[in-house]
Each structure stands twice: as structure tokens, then as C-alpha cells.
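Next up is one chain by itself, shown in C-alpha cells, the form predicted alone.
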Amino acid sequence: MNKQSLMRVYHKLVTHYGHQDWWPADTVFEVMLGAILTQNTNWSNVEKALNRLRQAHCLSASCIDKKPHAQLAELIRSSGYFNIKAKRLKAYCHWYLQSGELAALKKLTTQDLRQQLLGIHGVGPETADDILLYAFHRPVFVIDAYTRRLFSRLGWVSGEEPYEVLRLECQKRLGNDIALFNEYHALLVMHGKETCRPKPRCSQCVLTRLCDAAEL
């Protein structure tokens, strides 16, 4: 994996799918909520949960922090694992409020902010980096299952590398380009959902000539 190969794949994907313009949300805080709610579910289910919160006038950290667990869980039921996610949302919102909210958090370095995010119940590396990239506009490359699958099939990685190894390797190759990281991750998700599935649709793939695993 080098910058040239990474950019070749990027350009083929953006030419095929177009710009994705992520993250789909009306506010920065909704981006943060969405990053937690989207764990182990698809975005349509997250949108339903966010709409329920909006209808209940509870799209704020203070409301979620104070909302009784059972009521919050019911509002986000569509997102799946709603009891677990309710605990995670409340933990996140409590931290958010105690930390001084967006204005204060923006002043932290990326490393310090990432460390704090990883200390919140239910926030792992992928969720933390989603929040850093899409809410705080920090130069972090998000690694998810779609990234591992594609990069493994391209022959760039084994697919078993630790999260941090892959993240830092991509950042080293691509530089601190926030807009590129934003668009690249969105395209990898799109390609993973549409084409590079667990059972790949190689005949439809724009990357077949670059792919070690392509079945033609």
C-alpha cells in the first residue's frame, strides 16, 4: 500500500459513485449521536432514531443526560441494541456537558480529544474517529470493516492488523487531508455495501483490474 495505489483506488471510486458529502446530519451534535447510534446497524435505522429524538424535543446533550433510561431507550429503539445504546448516549452526553461542550472541546489537541473520547463508555476507536473526523474536522482516517475487507482483497493488508496500525499507515501515506479522509471513508462504505460485499460482486466492480481477489 502506497500513496499512488491509495489515490488510484480513490479516484476510481469517486468517478464511479460520485462525491458522498458525508456526514448526513443537520448539526454537529447530531453527527456525534449518529456515530454512536450507527454501531451495528444501517443508517436508515439511525435516521428513524434521530427523528424520534427530534420529535420528542430531545436532540440535546442536556435532555439525553436527564432523560430516564427506559424513555431514552424507547426513543432510539429503531437503532437496535437500544438499551446498550441508551447507556452509551447518556455516558457520552454526560461527558460532553462536563467537558464544556463544543466550544471547549474544539480547543483540545486531536490526540487529547481522541484520548478523552476513548475513555467514554461505549466509544471505541472507530466511533471516536468518526466523531473526530466528521464532527470536529480532525485529520484521522477511519478504519472499519469495509476498509479491512477491500484493502485485504486488494492485497495491501492481511486484514488482521490492529486498528491503530492501519489508521496510522493510511494517514502516513495520505497526509493530513481532512477532506480526502472524509470522502474516502464514505466511498469505502458505499463500495462495501454495494459491491465489495462478503460475497463480492466482482463483475460490477470498478477495481477488478487492481484486485488480487477478483473473480471474473
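Fair warning: this is a prediction, and the values are worked out from it, not measured in the lab. Heads up: residue numbers just count along the shown sequence, starting at 1.
Unshown form predicted together with the DNA; subsequent notes refer to it.
Visitor: Between the options Ala61, Val189, Leu53, Leu166, which residue brings a heavy atom to within 4.5 Å of the DNA in the model of the complex?
Guide: Among Ala61, Val189, Leu53, Leu166, a heavy atom within 4.5 Å of the DNA in the model of the complex occurs only for Val189.
Visitor: Would Asn42 show up as a contact with the DNA in the model of the complex if we use heavy atoms at 4.5 Å?
Guide: Although the DNA is absent here, Asn42 would touch it in the model of the complex, with heavy atoms inside 4.5 Å.
Visitor: Residue-level contact is defined here as any heavy atom of the residue lying within 4.5 Å of the DNA in the model of the complex; does Phe82 satisfy this criterion?
Guide: Flag for Phe82 set to yes.
Visitor: Considering non-hydrogen atoms and a 4.5 Å limit, does the DNA approach Tyr146 in the model of the complex?
Guide: Yes - in the model of the complex, heavy atoms of Tyr146 and the DNA come within 4.5 Å of each other.
Visitor: Using 4.5 Å between non-hydrogen atoms, is Lys193 touching the DNA in the model of the complex?
Guide: Yes, Lys193 sits close enough to the DNA in the model of the complex that at least one of its heavy atoms falls within 4.5 Å.
Visitor: Would you check whether the DNA, in the model of the complex, lies within 4.5 angstroms of a non-hydrogen atom from each of Thr27, Gly100 and Pro139?
Guide: No: no residue has a heavy atom within 4.5 Å of the partner.
Visitor: With the DNA taken in the model of the complex, which residues across 109-124 come within 4.5 angstroms through any non-hydrogen atom?
Guide: Counting only heavy atoms within 4.5 Å of the DNA in the model of the complex, the contacting residues of 109-124 are Ile120, His121, Gly122, Val123, Gly124.
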